[in-house]
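Given as structure tokens, the chain that follows is alone and in the form predicted on its own.
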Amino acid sequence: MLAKVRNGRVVELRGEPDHYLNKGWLCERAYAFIEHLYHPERLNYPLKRVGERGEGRWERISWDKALDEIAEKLREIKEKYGAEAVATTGGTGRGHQETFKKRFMNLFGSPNTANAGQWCAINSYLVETAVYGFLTRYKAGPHPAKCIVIWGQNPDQSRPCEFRRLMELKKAGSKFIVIDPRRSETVEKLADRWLQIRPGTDAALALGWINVIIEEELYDRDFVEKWCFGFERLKERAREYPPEKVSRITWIPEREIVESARMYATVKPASIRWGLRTDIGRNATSNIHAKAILRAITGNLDVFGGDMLYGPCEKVNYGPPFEYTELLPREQRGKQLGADRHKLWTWPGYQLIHDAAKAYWYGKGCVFSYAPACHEPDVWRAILTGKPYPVKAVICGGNNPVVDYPNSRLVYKALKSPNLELFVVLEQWMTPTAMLADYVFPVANWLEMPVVHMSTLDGLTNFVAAGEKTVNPLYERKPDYYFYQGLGLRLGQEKYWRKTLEEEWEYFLKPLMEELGVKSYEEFARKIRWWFPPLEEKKYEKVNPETGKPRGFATPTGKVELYSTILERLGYDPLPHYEEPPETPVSSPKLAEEYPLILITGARFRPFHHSEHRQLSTLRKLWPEPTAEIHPDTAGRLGIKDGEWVVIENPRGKIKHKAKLTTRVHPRMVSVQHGWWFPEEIPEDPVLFRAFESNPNVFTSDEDEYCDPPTGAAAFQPYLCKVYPARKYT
């Protein structure tokens, strides 16, 4: 984006015509950031609670005094309960909170950083890295994909810049397979084949595709023989998922399963895009593992037009060295919440992946600030029960867990508990979560600070993107860096923090800046802006000069591990499999008699992102109220009219949405929007901006039976529910 500044004020935002992704185009949310920057309800000063949590009574406090008090409290908690009694929660990409938060926590001695990556993208990163050494992303190179599979994603709404490129590929003749329970905007605009899958059965479909590809010998025999480990055992597993069985599980006609599998395997090069849907719930690891296998056995892995293995950026000081990962004591690593059950997500899995990848990726490895993290639901239970040990302090940055995390009422209960001695929130707005804090710090948005692309920071991608600070932070807002740096300086971490955020970026970018002859971060952000290494395919074939052998893959066997030795060592199934989710018409037929509809939650809808931006009037006018999609036949049977308020109920609670009658959803399903709260309402507890009135995370469970065993990914769908007009609400 380009910003026009007049007299120190941003007056215009527009797209960068030369940018590799958006090419000058912006969505409505991007244009609204001037309103975001100057909005009268933005947080401008640090606040300290003076009433009960949620009461809405605050006093202004300086940054220094607040940091002094918080540092003293953290020191006291560490001495009394141990460093592990301090936990953090995080979201995605607001500032740089995960990177610097992770540094602070590593140096403080606590392994208990929780974040939203546990059900978004980082699960894919961990599983794919265990299977073939890094995460994959589509790269066209000289050969764009001829077949693209969009699985569990609606990029028309969630990634509109990329969607424009997909439309260009469509016009050029690429074929699209879209897998989605809803007939989404992406289905309508792109799909040559739409597979309307029963929610939660993606692993069965992927295994059905593997079955067809192996049985019909559509796999790349040469690649499999040279570069894959465990093919014969995969073959045995795939026999358990013939198309007729998979059809019964997924509700997709057998013929469509077979023909779509053939299409993906034979129309080359082909790509399977990442989708958030397959990162959640009981089958998350198997979903991701099976998709990774499909890429490999069809020869679509690390080839132009297929799914390229990025690798982290060699030219920057990313990841473990930047975050001082190795300084977290081993004794503390063993105390991480959830490490006894969800081992791939936590330190046991991290260590195996890191050990396999370290030498391969420049001696630094390829794991980063979102992992290893603790199991987020365990944080709330440790607060309430003191088991396996007490959690007494929580720092929350870049997220709104009362609304966005599963089992909202448990989160609320924990944050209100007197057992929690300190709760700190770093925010841009007064959210339902911030209302429960002891201290709230006003953090800058991206226009008010120098920015480095978050994924580069974490070691997740091999390119660098940097942005200038457009205006100085308004009022007493600061980048979140200065919160963690301020605590670190007060708690004995002086030698690990630089004076300014710009100096941090200069250290981070130093190898690349020296190569390009750039003297400062400001010069890099102004002149270079983004940098890509040369695009290479089949990097596994490159000869390692030290060994004289092909480089292979960053896994324990040096091959693509169809049969994962890392999962096996952790005690999990080394091959993908399918488990029926715990709350479906199949697994819970008696419950389905009372709650006959399948509930799906979280479908993306512009202009909002999770629970953000509902304060902005220009965006709120575009979508003023929460909407539930219901099939007209179902609505007619239930006496529901288009546009009226309805109640959606399941065994854990009730919420209200406005009905939208549409054939986009199956007659046996209802789709509800997530992230809803109402900033315009009276905020005082117990109302909390009506945080529970329309929030489907009142329904979602974070109990282990609903979570994926290796990663702990919670299930945001599917669930069972019933729907009726709100006028009948009693």
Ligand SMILES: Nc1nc2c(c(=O)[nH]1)N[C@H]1C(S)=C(S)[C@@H](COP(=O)(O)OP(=O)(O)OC[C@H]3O[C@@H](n4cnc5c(=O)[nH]c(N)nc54)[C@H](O)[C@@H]3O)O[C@H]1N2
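In this text, all values refer to a predicted model and were calculated from it rather than measured experimentally. Numbers for residues come from their place in the sequence shown, where the first is 1.
Separately, the form predicted together with the ligand exists; it is not shown, and the next lines address it.
- You can rule out all but one of 539-547, 568-576, 423-431, 79-87: in the predicted bound form, only 423-431 has residues with a heavy atom within 4.5 Å of the ligand.
- Though the ligand is absent from this view, in the predicted bound form it lies within 4.5 Å of a heavy atom of just one residue from R606, K413, R193, R381, which is R606.
- Taking V267, V586, L622, L276 one by one, only a single residue has any non-hydrogen atom within 4.5 Å of the ligand in the predicted bound form, and it is L276.
- Among heavy atoms of R49, none comes within 4.5 Å of the ligand in the predicted bound form.
- Contact check for T129: no non-hydrogen atom falls within 4.5 Å of the ligand in the predicted bound form.
- Interface membership of P199, defined by any non-hydrogen atom within 4.5 Å of the ligand in the predicted bound form, is confirmed.
- Contact check for W151: a heavy atom falls within 4.5 Å of the ligand in the predicted bound form.
- When contacts are defined as a non-hydrogen atom within 4.5 Å, none of A66, F100 and G486 contacts the ligand in the predicted bound form.
- In this stretch, 52-89, not one residue has a heavy atom within 4.5 Å of the ligand in the predicted bound form; the partner itself is omitted from this view.
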